[in-house]
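Below sits a lone chain in structure tokens, taken as the form predicted on its own.
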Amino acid sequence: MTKSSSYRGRFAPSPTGPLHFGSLVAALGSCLEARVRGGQWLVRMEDVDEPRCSAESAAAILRTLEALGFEWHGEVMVQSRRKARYREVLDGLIAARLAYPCACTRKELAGAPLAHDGAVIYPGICRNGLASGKSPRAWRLRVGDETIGFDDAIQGRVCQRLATEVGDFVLLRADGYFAYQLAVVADDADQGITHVVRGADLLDSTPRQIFLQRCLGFSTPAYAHLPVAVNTAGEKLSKQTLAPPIDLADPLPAFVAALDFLGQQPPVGLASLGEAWEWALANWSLDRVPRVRAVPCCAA
């Protein structure tokens, strides 16, 4: 594998609870790929959805990463501190007439079809202007009718026609918080991220992000979407599905299990985190990662 000092990857958890096995998989895959490629690995706290996040959870995640032996470059970026930057990006889109105000309520959109990720496919009600007597509640990006496609290093070719599969998507929410899609695109650009290795639960969001990158004149990173760890009910491991936190008293089993989950086939008998890291850095291969969106996990 070619090594490049220009490689910049990142791990960007949402601090809604402690680090669990599913998040460890994303952290380990992104970190190993960056380090084996001779690049940098950054950490970002994606707390743009502030009502669901907490500083305590962010601190706990960092402590767990440190206990597991992770090292990152530079300061941790925190989305909730970057509202002025997101406002600047949104204002530029508004000035370019690429974004428009939307007055629709959830009730008014309740009958609209849903995209693969469960989001409403916006029917364009406010696309040509607000109805008389309506006040803006959110801002949306006006999408084109072309198909956005990209080659994912794990999942293969992905194509999405935004106009029919997503619709004009939200940049600023009705509650005043910036949307994830805008924040992540601005963050990746500002941090100079060249490669995004993350969970496949975000695969369907990627065409939206690529379209927004093009609207803003930003570079598009290379993408690799790791399989998501799911429980026996097929649900993604998360705080909502009661995924247990990583055991800080004995983190080695979770580390080795994450390597195995990612198809790396670690040997039996790795005796310490240091030994496990040494083996992982010497043997990591993205080609061995299962080419599926989800994998059942015994850690559930």
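From 1 onward, residues are counted along the sequence shown. Worth saying up front: this structure is predicted, and the values here are computed from it rather than measured.
The protein also exists as the form predicted together with glutamic acid (GLU); that form is not presented, and the subsequent description refers to it.
Engineer: Give me the residue from 184, 141, 200, 102 that has a heavy atom within 4.5 Å of glutamic acid (GLU) in the predicted bound form.
Structural biologist: It is 184 that has a heavy atom within 4.5 Å of the partner.
Engineer: Sort through 150, 177, 180, 218 and report the residue having a heavy atom within 4.5 Å of glutamic acid (GLU) in the predicted bound form.
Structural biologist: The option sitting close enough to the partner is 180.
Engineer: Residue 276 versus glutamic acid (GLU), in the predicted bound form: is there a non-hydrogen atom within 4.5 Å?
Structural biologist: Residue 276 lies outside the contact set for glutamic acid (GLU).
Engineer: Quick one: does residue 46 come within 4.5 Å of glutamic acid (GLU) in the predicted bound form, counting heavy atoms only?
Structural biologist: Yes.
Engineer: I'd like to know if residue 280 sits close to glutamic acid (GLU) in the predicted bound form, meaning any non-hydrogen atom pair within 4.5 angstroms.
Structural biologist: Residue 280: no, not in contact with glutamic acid (GLU) in the predicted bound form.
Engineer: Is there a non-hydrogen atom of residue 12 within 4.5 angstroms of a non-hydrogen atom of glutamic acid (GLU) in the predicted bound form?
Structural biologist: Close contact exists here: in the predicted bound form, residue 12 approaches glutamic acid (GLU) to within 4.5 Å, heavy atoms only.
Engineer: Between 16-33 and glutamic acid (GLU) in the predicted bound form, list the residues on our side with a heavy atom within 4.5 Å.
Structural biologist: Result: empty, none.
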